[in-house]
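Shown below, as C-alpha cells, is a lone chain in the form predicted on its own; questions about how it binds or moves come after it.
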Amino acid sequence: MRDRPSVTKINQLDPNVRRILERAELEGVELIRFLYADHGGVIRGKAASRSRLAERLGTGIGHTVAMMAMNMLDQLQDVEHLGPVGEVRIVPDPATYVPLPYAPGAAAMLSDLRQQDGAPWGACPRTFLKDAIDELAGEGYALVAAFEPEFTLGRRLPDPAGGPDRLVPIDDSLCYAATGFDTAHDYTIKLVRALETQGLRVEHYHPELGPGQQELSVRHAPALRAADNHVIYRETVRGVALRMQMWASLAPKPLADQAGNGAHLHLSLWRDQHNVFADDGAARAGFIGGLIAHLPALTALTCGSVNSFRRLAPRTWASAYAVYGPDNREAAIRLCSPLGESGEPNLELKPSDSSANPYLSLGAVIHAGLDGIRRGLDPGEPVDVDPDTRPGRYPRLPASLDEALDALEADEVLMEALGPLRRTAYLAVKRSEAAAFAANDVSFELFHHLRVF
C-alpha cells in the first residue's frame, strides 16, 4: 500500500499544504518538480514523490551549493563557497503549484534556494527579486510586469554534414501570415490549453517573422508572479513540443540567418492601485532615466547569453541603442500606446530574451528604475526615428556578452544590489560561457543554445 499521510494528519496541516496534497491525490500526480533558474539561465530542479510531499514542502530537498557555479555547458566554475562542500535546500513556494498537462502524472512548484536553517541564501535568484520588490515597496511602489516571448518551432535533426544537431523550422510562412496559423495550429491549441490549465492567461498569439517563429503572450502580473510565469511558460513551450515529437527553442538566435527570439519585458509602476506611468511625470521620467543610465550593465542580466548578442543588431527591431521613444521599435525602451479606453500605459524593455534568468533580470530592472526615481535621473529627449539613421548620435548597447559583463562590473548600483556571492558567481559563470563559445564555431554555439533554451 502507498505510504501517504492519513486523512487525520492531512487535516492538521497548513491549509495551503493540505490543498496541494489533496490536488496531487485527486489529479494522480506522482512526482512534483521543485524548479529554480540558475546563473546560466537554465531551469533546473529536483522532484519529490507524492508520498513524501507533505514533509518536503517544509524541509525542501537537499542540493549542492556548487550548482549555482555551473554554466550552461554543465562546466563547474571555481567560485569560493560554491564548491563540493556545502548544501542548501530547494524550498518550493506552495502558491506556485501547477499540474503539468504535457507531463501526465507530474506537477511543479517554483522554488527558493535556502540555507539549512531556512534563512535566505545569498545566491538565490528568486530571493534577489523578492528583495528588489520589497525595496520598491519601501518607496511606496509596486511593479506589474509581463514577458512577451518568441520561440522557434520545428524539429531537431542530425546535421547531414556530421556536425551538431540543427533546428529545422516547422514552416517557412510569412510574418503574421494565415498559413502560419494553420501550420502550427495543433501545437498552438495544445500550448494555449496547457498554459491556461496552469493559470497563465493567454493574451495574444501570431506567427512571427522568421521560419517557424511563434509569439504568444500571457497577461501581466505582479513582478514575482510574472517571473514565475515565465519559467512555467518556458517549460510548457518545450514540454508540449516534445510530447508532439517536435522541438521548440526560445534561444535568442537559434538560426543565425533568421529573425531572433526576444522576450520583451513590459512594465508598469503602481502606487495605491494607480498606474503612476499614466500621470506622474516625475516618477515615469525617473524610472526611464534609471533604465537608460544602467542599460549597458542591465543587458548582461536581461540578455544573458553569448547568443543574445547576435540578436541585438541595428535595424532588426531588436533595440541596439540605449534610447527610448513612443512606439519606437528600434529603441531599447518603447513607450507603449494604451489599448482602448481601459488600457494602461506601460514601458517595453526590448533588450530582453529567454536565455536570461527572469528573477535576476526583473530584479535588476527594478533596482535600475528605482535608482532613477530616487536620483531624479533625466532620460533625455525621446527618440522618434530609427536611431541607426543618425550615426554617432545615440549610444550603442554592448555588442557582446563580455562587453555587457564589463559594464555590469563597473555599475556600482547593480553590483551592490546583487551582493558578493551572487555577483561573483554570475560573473564567473558568464565569463566562462563567453570563453567557451569564443573557442568554438557558430554551429557549436547555435546547437548548445537551442538545446538548452
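Residue numbers here begin at 1 and follow the sequence given. A quick note: this is a predicted structure, and the numbers were derived from the prediction, not measured.
The same protein also has a form predicted together with a small molecule, omitted here; what follows describes it.
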property: Partner-contacting position among 262, 212, 304, 358 - heavy atom within 4.5 Å of the small molecule in the predicted complex; result: 262
property: Heavy atom within 4.5 Å of the small molecule in the predicted complex - residue from 350, 294, 126, 234; result: 350
property: Contact flag, residue 316 vs the small molecule in the predicted complex, heavy atom cut 4.5 Å; result: yes
property: 4.5 Å heavy atom contact, residue 171 and the small molecule in the predicted complex; result: no
property: Any non-hydrogen atom of residue 228 within 4.5 angstroms of the small molecule in the predicted complex; result: no
property: In the predicted complex, residue 311 touching the small molecule (heavy atom, 4.5 Å); result: yes
property: Contact stretch among 360-368, 129-137, 241-249, 317-325 - heavy atom within 4.5 Å of the small molecule in the predicted complex; result: 317-325
